[in-house]
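In the block that follows, a single chain appears as structure tokens, in the form predicted alone.
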């Protein structure tokens, strides 16, 4: 399909970029997605989806397919590493306000093929792999992007460009948009085991408070029951190399400290990464826009990163389609920026930071007070419901919709 200025160019074929493209294509907008990698990537980090995310993806045909391959998680826990369960929350309290009163667990690399397959059904949509975005210029009518391919450098013209190309976004850098915030000093080590943690009292999603090494647990679908249990550990020791932390004996030590066993764990994978809290100063510069990690990043405690990116996509594509067809002025896209920037700053950044501080608190008095407050909330159905509305991102979506 030849490139044309009468289309939208989306940079990045992750969930956010592909959902943006699918939404646009479903509304008749010609769209081209470019992806630097040679194929859809296999990212093992994100995999927990909140109720509003499932609702937003449903009109595009994604949710129906997605629900067939994952795990519904109606209850989740906050625990103390030494004393056990602090509180357990039941998302059934939200059954009257969402058709999906649960968290849904499935790796994001199983989501992207579903979206890609749906996107390929539209003749006015294309995805180009091994095509990397380098830079772009724009005027009042179009964007001209410079890309690299195995055949060399070329340019692609588009009416609009959406950068969904991750936390190191070249699109954001091309736009000259600042990305203020901070990087947490600790590292997160994530590992996966086939050993079933449910008999030890863990719900498929659990957060374990510990001032020395807090953890988070997520059960994921895998090739056979009981699936794959992914465990995230915070690593505060800056004097140990990534290689040493990921060494089999160290991973085994961490797992044994969490749940002691007489035999070694069957470890499927191990990875380590740094975590950031950043929000771009704006998500729009003329005819170029940002979504997902290109616009904002946060720590994974609360599973709000990928979900927030999908919320960006599902907020953006109806507005951009309306502007593209001439049914609305481009100023409508500034509302996208106002809505999604507010959702990030007032909800996602604040809540994810609060979650981390709860789990890592070292002061015994403060720690006890915070965990007692969690117990009090869980014991009161009205407080628990309000808490779940916030932690399930329903509140952030509602608040954003109020912004004109």
Ligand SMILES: Cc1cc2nc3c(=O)[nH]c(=O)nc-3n(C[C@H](O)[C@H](O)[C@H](O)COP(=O)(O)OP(=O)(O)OC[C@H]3O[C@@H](n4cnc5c(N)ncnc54)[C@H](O)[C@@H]3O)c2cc1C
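Residue numbers count along the first chain shown, from 1. Since the model is a prediction, treat every value here as computed from it, not as a measurement.
Below, we refer to the form predicted together with the ligand, which is not included among the displayed structures.
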Q: Taking 4.5 Å between heavy atoms as the contact cutoff, choose which of 337, 62, 46, 378 touches the ligand in the predicted complex.
A: 46
Q. Of these, 333, 119, 255, 306, which has a heavy atom no more than 4.5 Å from the ligand in the predicted complex?
A. 306
Q) Which one of these stretches, 341-349, 32-40, 63-71, 365-373, sits within 4.5 Å of the ligand in the predicted complex when only heavy atoms are counted? A) 32-40
(Q) When the contact criterion is heavy atoms within 4.5 Å, does residue 77 count as touching the ligand in the predicted complex? (A) no
Q. Hey, in the predicted complex, does residue 108 get a heavy atom within 4.5 angstroms of the ligand?
A. yes
(Q) Just checking whether residue 192 would be counted as a contact of the ligand in the predicted complex - the rule being heavy atoms within 4.5 angstroms. (A) no
Q.
Is residue 164 part of the interface with the ligand in the predicted complex - any heavy atom within 4.5 Å?
A. yes
Q.
Suppose contact means any heavy atom within 4.5 Å; which members of 122-152 contact the ligand in the predicted complex?
A. 131, 132, 133
